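Read on for two forms of one protein chain; each stands alone as structure tokens, with the labels structure 1 and structure 2.
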Structure 1
């Protein structure tokens, strides 16, 4: 087999492969023999037709079969012979089968990028301290109190003040029309709502809204005009004046529970305050440890990736960008951000996604190379463990999940995920840890 390798930009490699006639002939004979055995031709019983007749009758099919058989096999052979790191076989073309049974074809492959592996062992990374301070425990307990806070109506006879919580019914109009009719994109809540809770802060709802309610007593109705800020996201609404008619129904204040054993019992049944503190300490310690481990790994990756410069396969970057983009869009939609806003920032989001995709891919390639250099491999046990995990997550039987994954060609991807995680683990265990200065967080 004669193989000529040509490297093209963007991680594409073409192989010009020429097969010897003996090899092609052998395969041809094998395929023809198969046809001879089963082909039904008028005038002959199956298996009795002469080779020449079969070859003439089924020439096209035999050729197709031969190509199917020889092309992928010889491609694989050429790849292992030339020791190429292949991601995928993009296409095979220019197949020529001469009468003397020599066969030539060009295979286009997408290969792993080529780069020099930087030093990856014994890296020094800074790590935040995982000690839990008393102040942090206090803060976490305070958060728990905030979450368990109760809202009660105020008892004294007074109007609403800043920092109170008020319950209001309101209607908003622009020149007599409900806001959402004047600006369809504005959303109905701007036009009116009932039993709406507002915390009285200067910026709540619209700047000036809460201020206009200061001093109002329950049952009182106030009418006031709000200037919509210029930077308001709905196009054209900036600078408009909205007239709000607000009926204040209740004034409430936030009552935090006392920090005592009874409170501890409501948070975790049967625990005292001291025990709750211990639980909080453990939880914080666990969180900090996980965070520190994660930032250690990301610091290692940043250090390695800084030293690696390589081209990336365009198609993969594109696919990955699309995936990240879909994630970003979904995340934002879940957070209730309007599609319009997303569209306006399209370029920025796209840039971010593409950069993220490049980093991720580069990281994967580097980790795979390290795994290769260190002989790190995925064991069957690890694979089945992962499959078990996934089957629990998707609530499918492992065998069925495996079948599904095979159908989607995702087995390799899962193996790759395990391998990269394992390699990262290896890097982390080989890195030296230096304490980070308290104020500056470890390199992200």
Structure 2
């Protein structure tokens, strides 16, 4: 078998394969023999028809069967011979089967990117200390107090002040039209709301809004105009004037619980404040360790990927970009970002998704190459453990989940995820950790 390899851009490789007559003839004889054995022809008992008659009657079918067998087998043999890392067989073209039983064809393959592995063992990464300070424990307990805070109406006779919490009804218009009608991309909240809570800070809701309510008392209605900043993200709104009519309904004060044993008991039944501090320390230590390990792996990959330049399979980049793009859009929609705003920033979002897709794919290919170099493999036990984890997550029996994965051709993907995770763990275990510089507040 003669194989000519041509490497093309975007991880495409073509194989021009020529098979010797002996191999083709042997395969032809084997396929013809099968037809002779089982073919039913008038005047002949099964298996007794002359070969010439069989070849004439089933020439088209024999040729198709021959090509199917030889093309598949020859491609696998050529890939093995040339030691190619193949992702998929894209297509087969230019099939020629001559009368002298020579055969030629061209196979187009999508291959792994070609690159030289940089140094990947013994890397040095900086990590912040995972020690838990008393100040961090204090902050954690303060967060718990904030979550348990109560809000009570202020009974004293006074107007609203900065840092108060107020409840208001309001409407907002631009030249007599609700804001969202004048500028649909602005969103309905700028046009009005009822029983709306605001903490009175300079930037709350809209710059200048809270300041205009200072001194207002419950039941009082105020009308004021706010100038929209020139840098406001909705096109055309910069420099506009919004007229707000606001009725202040309540002024509230946030009341934090006392930090004592009674409070600790509400957070963790039967625990004292001292025990709650211990629990907070343990949870902070666990979280810091988890974050540090994730940061360590990220730093390792950053160091390695900075030294790798390679082309990537175009179709894989497109597919991964679509996945990331869908995640970005979904996350923004969950945050309440209007679809029009997403549409307006479409190119920026697409660029971010494409960049992320390329980094993810490059990282995967690098980890797979390292796994190959180090002989790292996925064991049956590790695969089974992963399937059990997924079956619990999706509340399916492992056997049923396996069938679903096979149906979607996703088994290799699961194996790849386990393998890349093992390889990253290998890199982390071989890295050297250095203390990151302690950040000190800048002098005023």
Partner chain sequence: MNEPYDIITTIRLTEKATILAEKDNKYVFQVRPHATKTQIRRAIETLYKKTVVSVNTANYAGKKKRERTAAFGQQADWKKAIVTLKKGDKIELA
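Between two forms, the rigid core is the largest collection of C-alphas that superpose within 1.5 Å. Worth saying up front: this structure is predicted, and the values here are computed from it rather than measured. Numbering follows the first chain given and starts at 1.
Tell me which of the two structures is the form predicted on its own, please.
Looking at both, the form predicted on its own is number 2.
After a core superposition, would you say residue 29 shifts its C-alpha by at least 2 Å between structure 1 and structure 2?
Yes: residue 29 shifts by at least 2 Å between structure 1 and structure 2.
With both forms fitted on the core, check whether the Cα of residue 209 differs by 2 Å or more between structure 1 and structure 2.
Yes, residue 209 moves 2 Å or more.
Would you tell me if residue 427 moves between structure 1 and structure 2 by 2 Å or more at its C-alpha, with the rigid core held superposed?
No, shifts by less than 2 Å.
Rigid core superposed: how many angstrom does the CA of residue 179 shift between structure 1 and structure 2?
C-alpha shift for residue 179: 4.5 Å.
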